[in-house]
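Shown here is one chain on its own, the form predicted on its own, set out as C-alpha cells.
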Amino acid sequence: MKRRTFILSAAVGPFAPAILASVATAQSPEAGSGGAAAPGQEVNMMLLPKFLGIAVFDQANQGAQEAHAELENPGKLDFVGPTAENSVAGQIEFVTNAPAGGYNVVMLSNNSGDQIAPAAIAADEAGTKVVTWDSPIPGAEGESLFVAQVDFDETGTVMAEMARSILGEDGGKFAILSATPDAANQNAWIASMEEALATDEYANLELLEVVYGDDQSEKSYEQALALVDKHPDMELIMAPTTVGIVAAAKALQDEGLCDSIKVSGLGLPDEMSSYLENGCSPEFALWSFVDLGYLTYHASYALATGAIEGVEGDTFEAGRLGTYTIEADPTRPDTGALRIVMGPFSVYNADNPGV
C-alpha cells in the first residue's frame, strides 16, 4: 500500500479582539489588518484538553509551548485539565473559573458537547475568550474560534476509504469504537462517515454499531472484545480516537484475532507501530498534534492582541506554518461558527509507518 496524504485547505476561525486593557494597549499599529502579531505582548493563556494523561494532548502542549516562546509572551501558559472520569464537569469548572484566574484566553478541546456553552458564554462576557481546538462547541455559543485539525467533512471519507482498503473491494461489516458520546469531533466524524457510507461508492461497507470507550484504555479494551462477542461476522473495528485504536488493537492481539479482524482509525504512529507490523492495524491516519497546539496558540495570540479582528476573511501569519484565513465553518451551519483548518491528513501503512 502506498502512502496517501490528504491535504486540506488552510483557513482560520473567529476569535475576538483584545480583552483586557493591558492587552488592548499593547496592540500592534496594524491591529485588525492581519499579518503577524507583534511579539512580546502579555496574554495569559490556558490550554485545556479533554483530560490529562493522553499523549496527543501532551504533544499539543509541546506545540503551544513552542509558540509561547517564539512570540516572547511574558504572560502565563498553563496546561491544565480534568481527569478522564470527571472530564465534562471538570472542563466546565475550568472555563467557569478562568476569568477569576486572570486568563485572557482558554484554548479548549471540548469534551462536554453543548453543556459547556453557558460557561463559555459567561467567560466571554467576563472578558475571557474561548478558542476551541480539536473538538468544538457544537452550537458555537461562547466560542470565538475553532481551530480544526482537518476538515471534518473529509474525515468520514478518509475513514471509509481506509475501511474499504482493508476490507477489499467486496467490502464487509465493521463497528466504530468512539471516545465519549459528548465528544463533538468524534460525533462529527462519525456523521461524516455515515454520509459517505450512504453513497454508492461505499455501498458494500456495513456499519454494525457505534460503541464508546470514554477514551479510557481499559474500557475501550473491554468494548472491543464485547464487539467481537456480539458480531461474529465483524471484520474491522474503526476507532477514531488514539486511545481506542490502541486498546482495540491490543485486545485483538491478546485474543489472537488479528488474522480475522482488523483495527483502523486515528492513531499515533509510535503507539501503533507494533500493530502495523503484526497486521492487526494495516492502515490508520492522523495529523500533527504538535502543529495543532502551535497553530491554536498563534491564532489565540493574534486575536487577543488585536492583530486580527476575528471575522470571516481575516488572515494572519502562524509562524512556521504560514498564512491562515478565517472562514465560516460549513460543518456547523446556521450557528455563525468560524474556523481555521490546519491539515494535512496522512494515512500510515506498511510503506509509510511514520516512525
Partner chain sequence: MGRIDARRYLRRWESLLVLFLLVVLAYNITQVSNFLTAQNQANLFQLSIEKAIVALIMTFVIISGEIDLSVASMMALSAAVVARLNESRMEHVLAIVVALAVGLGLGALNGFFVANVGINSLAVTLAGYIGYRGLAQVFIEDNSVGGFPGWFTRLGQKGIIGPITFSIILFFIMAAVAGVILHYSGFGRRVYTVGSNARVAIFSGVPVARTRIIIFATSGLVSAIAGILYAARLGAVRSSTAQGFELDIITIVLLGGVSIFGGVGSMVGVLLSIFLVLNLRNGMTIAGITGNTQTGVIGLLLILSVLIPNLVSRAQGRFRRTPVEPQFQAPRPETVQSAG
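Positions refer to the first chain, counted from 1. This structure is a prediction, so every number in the text was calculated from the model and none was measured.
If you look for the form predicted in complex with the partner chain, you will not find it shown, but the lines that follow are about it.
Quiz item: With the partner chain left out of view, which of 181, 279, 171, 139 would have a heavy atom within 4.5 Å of it in the model of the complex?
Solution: Contact residue from the list: 181.
Quiz item: Just one of 321, 52, 328, 290 has a heavy atom within 4.5 Å of the partner chain in the model of the complex. Which one?
Solution: Exactly one listed residue reaches within 4.5 Å, namely 52.
Practice problem: Name the stretch, out of 72 to 80, 193 to 201, 233 to 241, 149 to 157, where some heavy atom lies within 4.5 Å of the partner chain in the model of the complex. | Solution: Correct option: 72 to 80.
Practice problem: May I ask you to state whether residue 219 is within 4.5 Å of the partner chain in the model of the complex, using heavy atom distances? | Solution: Answer yes; at least one heavy atom of residue 219 falls within 4.5 Å of the partner chain in the model of the complex.
Quiz item: Quick one: is residue 144 in contact with the partner chain in the model of the complex, heavy atoms, 4.5 Å cut-off?
Solution: No, residue 144 is distant from the partner.
Exercise. Determine whether any heavy atom of residue 103 comes within 4.5 Å of a heavy atom of the partner chain in the model of the complex, and answer yes or no.
Key: Within the cut-off, so yes.
Quiz prompt | Residue contact check: residue 89 to the partner chain in the model of the complex, 4.5 Å heavy atom | solution = So residue 89 counts as contacting the partner chain.
Self-check item: Partner contacts for 144 to 159, taking the partner chain in the model of the complex and a 4.5 Å heavy atom cut-off
Solution: Counting only heavy atoms within 4.5 Å of the partner chain in the model of the complex, no residue of 144 to 159 makes contact.
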